[in-house]
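Next comes just one chain, in structure tokens: the form predicted on its own.
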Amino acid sequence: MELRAYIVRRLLLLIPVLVGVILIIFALLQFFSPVQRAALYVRSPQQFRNLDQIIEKYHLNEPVYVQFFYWISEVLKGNLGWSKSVNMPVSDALLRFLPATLELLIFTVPLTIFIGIKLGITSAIHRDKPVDHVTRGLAIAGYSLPAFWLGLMLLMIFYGFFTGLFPPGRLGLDAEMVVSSASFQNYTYIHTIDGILNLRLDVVLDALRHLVLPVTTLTIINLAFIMRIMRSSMLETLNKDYIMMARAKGLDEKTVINKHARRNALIPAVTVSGYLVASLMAGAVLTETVFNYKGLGWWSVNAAVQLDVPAVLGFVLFIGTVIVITNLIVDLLYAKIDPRIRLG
């Protein structure tokens, strides 16, 4: 009952947060001229010839509250404007590039979270021993590496030196032709999943080859941070009175770690993991650009370079919503891990 009430409270709090995000984005629109804002209501390239009519139709010279009414009405209908950088509606562009970013998440997030938590716990248990020094050194090195530099180094080694071993992009030419053919059903537009569903092992293997380097880059960089957070949290937990009491009762160390310490040390790691998912959903901009991996990050960079205002604002609106929802999920996981939070 307490958990259900907590979930209801968090869902109700989600509404004003989402409203706040929308108001901030709308406020940013006021820095643009009516002609620039008119692009947010365009549905096809031909409509750019009639911007004066669009300005009049959506009252872009009227007071701010009138403009907001028409803008939010169009947003709720799914009309986010026309993206000139990819020559399609912004809503269609989001749907087109989202699966690529989701595919990165599917492989990066589990690796990063589980390995990071495992290494953090191991480092804390063996504090000031060789294992601890090695893992901390690797964590500092990984956290310090710029994503673009690491990505370029991996490309030079595994695509340049070992010619074509792990190529950039999402698919090779042969696999792309298969995916684009009439006989191949794109259920999710996530190539590894669709390849399995179509019983095309060649597509799955080709997609995995192209995922190796971007997933490795993102995992190395984000793994370090989660590992450090988990190590600090675990060390703090191991010094708590109830852990000392468990040891004094004669419980073996494995039981103390797994049953009493690990669960309570997970809360900071859950927080970081939630923000990791949100940041990766934002497109892993540098990584996708380096590897020419055409996901949300790749699209947002191209939109910004070409001053594609509707695309950038549509991207920001989508990512803001994702971050708010991710925070909600993290809060619910808190309540599951530590029941005391529900009573706060």
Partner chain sequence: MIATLLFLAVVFSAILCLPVLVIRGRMEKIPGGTGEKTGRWENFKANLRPQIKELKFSLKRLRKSPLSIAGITIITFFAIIAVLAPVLAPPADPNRPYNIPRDGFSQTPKPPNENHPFGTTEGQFDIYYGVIWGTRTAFTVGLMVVGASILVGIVLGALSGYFGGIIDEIIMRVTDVFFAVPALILAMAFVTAMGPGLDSVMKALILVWWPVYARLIRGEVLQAKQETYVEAARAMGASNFRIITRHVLPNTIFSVLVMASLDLGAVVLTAAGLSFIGLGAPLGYADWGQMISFSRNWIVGPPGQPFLYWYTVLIPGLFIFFFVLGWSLLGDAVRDILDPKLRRK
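Positions refer to the first chain, counted from 1. None of the values given here were measured: they were computed from a predicted structure.
What comes next is about the form predicted in complex with its partner chain, which does not appear here.
You can rule out all but one of 171 to 179, 102 to 110, 75 to 83, 126 to 134: in the predicted complex, only 126 to 134 has residues with a heavy atom within 4.5 Å of its partner chain.
Looking at its partner chain in the predicted complex, residues F148, L286 and I323 each place a heavy atom within 4.5 Å of it. Taking the partner from the other structure, its partner chain in the predicted complex has no heavy atom within 4.5 Å of any heavy atom of H210. Contact check for T271: every heavy atom lies farther than 4.5 Å from its partner chain in the predicted complex. Contact annotation: S232 falls within 4.5 Å of its partner chain in the predicted complex, judged by heavy atom distances. Of the heavy atoms in L11, none are within 4.5 Å of its partner chain in the predicted complex. Of the residues M153, I115, L95, L205, just one reaches its partner chain in the predicted complex with a heavy atom at 4.5 Å or closer; this is M153.
Residues from 66 to 105 do not approach its partner chain in the predicted complex: none has a non-hydrogen atom within 4.5 Å of it.
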